[in-house]
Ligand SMILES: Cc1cc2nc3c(=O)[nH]c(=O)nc-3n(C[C@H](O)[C@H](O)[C@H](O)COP(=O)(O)OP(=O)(O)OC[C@H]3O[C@@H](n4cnc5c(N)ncnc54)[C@H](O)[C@@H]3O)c2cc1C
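Single chain ahead, written as structure tokens, the form predicted alone.
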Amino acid sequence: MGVLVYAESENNIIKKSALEAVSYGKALAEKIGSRLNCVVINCSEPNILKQYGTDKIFNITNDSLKDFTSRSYSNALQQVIKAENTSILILSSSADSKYLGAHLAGFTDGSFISNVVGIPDNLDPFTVKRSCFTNKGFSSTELTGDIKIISISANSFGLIENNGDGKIEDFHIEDISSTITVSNIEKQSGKVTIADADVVVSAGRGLKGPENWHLVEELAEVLGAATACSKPVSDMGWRPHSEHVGQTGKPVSSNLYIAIGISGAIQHLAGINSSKIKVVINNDPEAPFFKAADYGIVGDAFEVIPQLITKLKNRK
């Protein structure tokens, strides 16, 4: 029962979520008595995977894989799966990996499960624990396919260093021509991304206008956090839609989520519910967010945030 992890990268750099997937893969490999292999695509630093228990790293370098499409990446990974007789494939929680997992399951007659939060309870039958109902509950799901494809929920397992041999081998793939052409990709630069952030600072209409967003950015800078916003804020054009978090935006699974001037609509709460610690700052003590938060501050954000920034800077 071979275990393979696809270690996803961005701008040729291994993503934090990929290191969590490798940590999970190592724990699973030890449980079933298997070696842990990883595969990287157009990655400039595969050596970092050695720190997390990888026994072998398959390095794929191919210009046809410069831009992600589920079809082309699926074709490449299928070749590794077949060559290594893989029975378990571990993916991270990114949108790309979820597209990829579904695609691979269809082409390999495998079973794909997302939002997994723990090592399998049973190996026969192969049963995993996953979050469901917008992270308000858990389910135990049995995977019956010959190849089990697992996507790990962000920040559910953590990063566990465990030095391995990490022998790097170039893996040459056959033709992966695709009918899909990527014409343009726009990416943010110089900022912590919401998907990989341990801390997210988010704000809503309580900030009264885009001219006040410097408070959010200053607090995020002190915390090394990503910035986010509620749906009304992005709809009004105060912030880009790429920062909209919630059930209809980007899901957040950070270790700390700070909500400033966000009342707590059910769609927003559903999208951030899997964050471990939730802090709300609002001048309305009846705001629904207070019922979901671990910590709350009732006060004017324009008074609270500057004081919080000062305290954090002094503490550093």
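Under this definition, the rigid core comprises the largest set of C-alpha atoms superposing within 1.5 Å between the forms. Just so you know, these numbers come straight off a predicted model, no measurement behind them. Numbers for residues come from their place in the sequence shown, where the first is 1.
Not on display, but discussed next: the form predicted in complex with the ligand.
Engineer: With the ligand left out here, work out from 153-161, 215-223, 229-237, 78-86 which stretch has heavy atoms within 4.5 Å of it in the model of the complex.
Structural biologist: Residues of 229-237 come within 4.5 Å of the partner.
Engineer: Looking at Lys167, Lys136, His172, Lys208, which has any heavy atom no more than 4.5 Å from the ligand in the model of the complex?
Structural biologist: That would be Lys208.
Engineer: Have a look at Ala293, Leu308, Ala301, Ile14 for me and say which one sits with a heavy atom within 4.5 Å of the ligand in the model of the complex.
Structural biologist: By the 4.5 Å heavy-atom cutoff, the listed residue in contact is Ala301.
Engineer: In the model of the complex, does each residue in the set His244, Ser263 and Asn282 place a non-hydrogen atom within 4.5 angstroms of the ligand?
Structural biologist: Yes.
Engineer: Would you please decide whether Asn59 lies within 4.5 angstroms of the ligand in the model of the complex, comparing each non-hydrogen atom pair?
Structural biologist: No, Asn59 sits far enough from the ligand in the model of the complex that none of its heavy atoms falls within 4.5 Å.
Engineer: Considering only heavy atoms, tell me if Asn47 and the ligand come within 4.5 Å of each other in the model of the complex.
Structural biologist: Contact with the ligand, no.
Engineer: Taking the ligand as it sits in the model of the complex, is Val39 near enough to touch it, meaning that at least one heavy atom pair lies within 4.5 angstroms?
Structural biologist: Residue-level check for Val39: no, no contact with the ligand.
Engineer: How about Ala287 - does it come within 4.5 Å of the ligand in the model of the complex, if we only consider non-hydrogen atoms?
Structural biologist: Because a heavy atom of Ala287 falls inside 4.5 Å of the ligand in the model of the complex, the answer is yes.
Engineer: Could you list which residues of 265-280 come within 4.5 Å of the ligand in the model of the complex, counting heavy atoms only?
Structural biologist: Residues within 4.5 Å: Ala265, Gln267, His268.
Engineer: For Ala287, decide whether the Cα shift between this form and the one not shown is 2 Å or greater, given a superposition on the rigid core.
Structural biologist: Yes, Ala287 moves 2 Å or more.
Engineer: Given a core-based superposition, decide whether the C-alpha of Ala270 shifts by 2 Å or more between this form and the one not shown.
Structural biologist: No; that C-alpha moves by less than 2 Å between this form and the one not shown.
Engineer: Answer yes if the CA of Lys167 moves 2 Å or more between this form and the one not shown after aligning the rigid core, and no otherwise.
Structural biologist: It does not reach a 2 Å shift.
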